[in-house]
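Consider the single chain below, provided in structure tokens and representing the form predicted on its own.
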């Protein structure tokens, strides 16, 4: 009955879905940490739903946050004991960070890539940017190589503040790398790096709300993108990537979080892939670790957080799964043009 009461309170006036399991996950995370960013990371609950649960717990006397910590009250600890909930465990391999990959031949370009990445343009909110750690980018490239989607292949990268194109190019493994990027700062930066390092990278400024240029449709073995997390925005990126593939056997790599995507959204995305002629071939959860962006106190969820503390730059709390899809039949994508804001929906937290 207590869970039902918490759920009812959390759903009052909520514009986001909140499930009973979300309450349980939040309580397990609160048992493991009193820090807001760790609770977000550990819970696996979309941020905008999580804050509803936290305020419901506070209103009902199960939680307090005096002093900047999220502290279960004695009543709250009695609750989790009665429900049989234990603290969330985080059991990651210390060598690969839980990714299940080794860098292998990519290790040879790691130092050079880190040197280049240190000078990249900073992430800005205009395009919902937020880049991953250099280690993550290197593991992405290693993973693509291990799946036969890099060596001797033609790769298109849709949006590249993570510099996947640069890391891939430095390996000298792909035959060709094309980048479509809206931000002129990144276009200029990647072009300059490609020229200085003699990398097989072509960079084109392009707004992905527009269909692909005709000369890029159906020309690539693989695509990589880290889409915005709104449902429409994610599908726009996926649509462009799938349209770029040559056909069956073509692969796509995309990131998807729990911070801004409920399982309802995940289901819609999985349905989209199937209808597009693709299958999710592999999924590595929490593969992508993100560096904290400079506009964190201006993101949509900031005023809703019960504790407003700017995390340190190296304090990882925002992660996403790496999804690999593969076309099993000819693409069913019919590209459309999109207008307006593709970055926001009711679950968006970082825009």
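Numbering follows the first chain given and starts at 1. As the structure is a computational prediction, the values presented were derived from the model and not from experiment.
From this point on, the text means the form predicted together with spermidine, which you will not see here.
> Can you tell me whether residue 227 touches spermidine? I mean in the predicted bound form, with a 4.5 angstroms heavy atom cut-off.
Yes.
> Tell me, yes or no, whether residue 76 is in contact with spermidine in the predicted bound form, where a contact means a heavy atom of each within 4.5 Å.
Contact with spermidine, no.
> Under a 4.5 Å heavy atom criterion, is residue 262 part of the interface with spermidine in the predicted bound form?
Although spermidine is absent here, residue 262 would stay clear of it in the predicted bound form, with no heavy atoms inside 4.5 Å.
> Does any heavy atom of residue 256 come within 4.5 Å of a heavy atom of spermidine in the predicted bound form?
So residue 256 counts as contacting spermidine.
> Which among 292-300, 54-62, 36-44, 278-286 is in contact with spermidine in the predicted bound form, heavy atoms within 4.5 angstroms?
Answer to the contact question: 292-300.
> Tell me, which of 171, 101, 129, 133 has a heavy atom within 4.5 angstroms of spermidine in the predicted bound form?
So the residue touching spermidine in the predicted bound form, by this definition, is 129.
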